[in-house]
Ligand code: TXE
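Shown below, as structure tokens, is a lone chain in the form predicted alone; questions about how it binds or moves come after it.
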């Protein structure tokens, strides 16, 4: 690959991958092979072996051995931190390779992929600090004869199911924190975007993560994902994906009452008041719906804007989106790349058609972008949207923005909360009272004031309502993968029960 050119070259042949189990690659042999075609170029780019339920059993057994013999959980926080810091360096050393394969499989712009990969080492560095500082509590108030301790212990073997929209980023919003807690794990990436998860196995092994601690079994959701949810030797399952699939995992996880961490769908509001810096807000709203071609669970897909500026502001956003560069994701100047899967492409176009049929006014976009190959959709804006319309209520997972005006702060909050979801929200205003009131009353797990889609390893992520439960990242994200134990210590001679 030529990293100095403005447009990176396609690979001459698809790259062959293997499963990653017990610290080593496991060759495809007679397993079914999924050949992934670039959604932007219509050419084969990777060949991924599809794991089976038996492969999952093998990986879980390796993770269980690694947990039970304490080769990882028995290390000090300082020793685990040292490995995490080496992993951060390993990701930096292979960042260009990781971004390249992420772009080829996913269709996102190479500049975006580089930024996402570039942010991941910081997660390991932050988690390394938490590994050293994680602690429990003590109770010295139980009288002279008793002392109490509260300890945190790793929960055990963790299963991770990640989606195709942010394959490397979402995985690394979990892995370093799970490792910091002392757990072992098995990851199942989407069959569409498995390459970077498998490369991570090599990076972690080189950093000193012991055999069996991190395993990757690519495969189909109904095969590997379902088996993972039902597996009685997995202690916790972290799933990122649709609310529909998350709901189905609830009953499957009852096999051993495993703990669940769920980051699910969103229909996220961007609330814009007339006193906002409208130029900044227009750019932020355009970014919030165009980023990753709208294939983002925290995408700002509902624009709720004060009526006095609603028409002007919608035109400002439309003008911004008209200048967005939709194109080849291997072109370093591209801002919006391809839609990742054919099924998702069809879904987005179906919602756009439904919006027209429901009577919404098409302000911008609304059609595929023909580049001669691949699947691309122009960022789309609908005005005249009512709360009952499907495009206002259902997660489209594409670059489709709905515009709804409001007349009062209370109405803005009511519209924002009128959804089954509660994953993220943004407010744009220069009034501190307004910003804090909206932040406190809108039901969302992540909130941005005068910005959107910002973040870092320090702050937790997760949702309210049908957007899931549990938290990833930050100190909370390490604690999520621990169990709390109460310890009572008798200091004096026991008062006899039997005299």
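Positions refer to the first chain, counted from 1. Given the structure is predicted, the values throughout are model-derived calculations rather than measurements.
What comes next is about the form predicted in complex with this ligand, which is not displayed.
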In the model of the complex, the one of 184, 197, 402, 240 near this ligand [non-hydrogen atom within 4.5 angstroms]: 240
Contact assignment for this ligand in the model of the complex, among 284, 337, 225, 167, heavy atom within 4.5 Å: 225
Contact at 123, 214 and 474 by this ligand in the model of the complex, all three, heavy atom at most 4.5 Å: no
Proximity of residue 159 to this ligand in the model of the complex, heavy atoms at 4.5 Å: no
In the model of the complex, residue 429 touching this ligand (heavy atom, 4.5 Å): no
Non-hydrogen atom contact residue 191 with this ligand in the model of the complex at 4.5 angstroms: yes
Any non-hydrogen atom of residue 249 within 4.5 angstroms of this ligand in the model of the complex: yes
Proximity to this ligand in the model of the complex (heavy atom, within 4.5 Å), stretch among 392-400, 93-101, 360-368, 124-132: 392-400
